[in-house]
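Alright, here's a single protein chain in two forms, structure 1 and structure 2, each given by itself as structure tokens.
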Structure 1
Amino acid sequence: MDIPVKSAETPRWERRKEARPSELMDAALELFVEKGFAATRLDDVAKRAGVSKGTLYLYFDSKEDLLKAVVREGYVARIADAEAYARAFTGTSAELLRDIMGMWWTQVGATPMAGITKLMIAEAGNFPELARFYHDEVMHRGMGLFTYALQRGIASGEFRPVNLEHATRLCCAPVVMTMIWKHSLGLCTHDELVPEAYFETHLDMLLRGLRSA
């Protein structure tokens, strides 16, 4: 039997009859970031992935279920890796804070997943159940990484005692702000924000304030 040759000019949605869940999640991520959650239809996701809508339903029960899968694959799995890294870390707590911030940016903030942070903030009021899911599985655990590093430093005497809740939010704020900026005002202004330089300045100021006398 002759095997048909795929044309490079064939529209993307005609190339495949099946797709793995990861490919469906990739297509969903693209559309969620481009159009937002409310405006994205499952028909659009199936078309972007090159499958029928029925194929999509083999893996995901609803658009909400699909978004949760995208978040778990893109965020939660990386947070779990970072938690393991932090538990095994043997350097200073200042170094650990630097590593956590760097990993958060390189593995999430500098990738398309950063658009999900902006999406969740923008649409939280309309989809409170999804907002709670994002808070519990992403924000709470992600902030916990910084809390762990701060507690570690205080316990060893490297850092002075501080309000952990407020200090944790100060640690997280630059990365979260940069992800939001990247997918909002950063798209339509000429202001250039260099994330790595910004984070280095923030860490320098933060660590000077945390050092014990």
Structure 2
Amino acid sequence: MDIPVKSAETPRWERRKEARPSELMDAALELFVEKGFAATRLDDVAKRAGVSKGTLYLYFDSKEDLLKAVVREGYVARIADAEAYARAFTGTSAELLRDIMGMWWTQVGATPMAGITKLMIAEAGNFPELARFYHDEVMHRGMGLFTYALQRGIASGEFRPVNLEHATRLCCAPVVMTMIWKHSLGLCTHDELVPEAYFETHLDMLLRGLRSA
């Protein structure tokens, strides 16, 4: 009697214990960035990952737990790589600044991970511990890279002495703004901005401002 539709064909679902968490986190990242944390339904996250909501709860304790996983996952070891790169660098400090900015954009800014920054800005008030983690482990260490390059240039006489805290922020602000823009107001405009060209202008202006002459 049972209707034997698709019998012996592909099973209705597969067991894929390994792949599920990252698929769920990818789906969650997209939706959290797009709609915000509170406005995202877990049913939708599960659907986008191709599973049911029950499965989501096999891998994550709660919605907040999922958010934390998404943020921690996105951060990964990229900053540590960049730190090692900076320490080993032997060229001019101007080149180092350019490299750090380029790596930041190509490996983070131009990827979906850039959305995490927007997400943390939107949700910092509701998840203070998570915000602190992100601030300490991502923002602060990331900014530290620029501080290092600036300090290095000043020590060698390549740059004039400037307020390090201020100069570091001035390096980062245009890049962070561009990442945020892409995932917020930029969505409702036909944006002609070419980030790479923009950052080239940014570096040019910055280096003129840092010239020791």
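Numbering for residues begins at 1 and runs along the sequence of structure 1. Worth saying up front: this structure is predicted, and the values here are computed from it rather than measured. We call the rigid core whatever largest set of C-alpha positions still superposes within 1.5 Å between the two forms.
The form predicted on its own is structure 1, not structure 2.
The rigid-part assignment of R87 coincides with that of M179 in the two-part motion between structure 1 and structure 2, each C-alpha going to the superposition fitting it better. Comparing the two forms between structure 1 and structure 2, the rotation angle of the smaller rigid part against the larger comes to 15°.
Once the core is aligned between structure 1 and structure 2, the alpha carbon position of G36 differs by 2.9 Å; this is the C-alpha shift at that site. In the core-superposed comparison between structure 1 and structure 2, the CA atom of R72 travels 4.1 Å.
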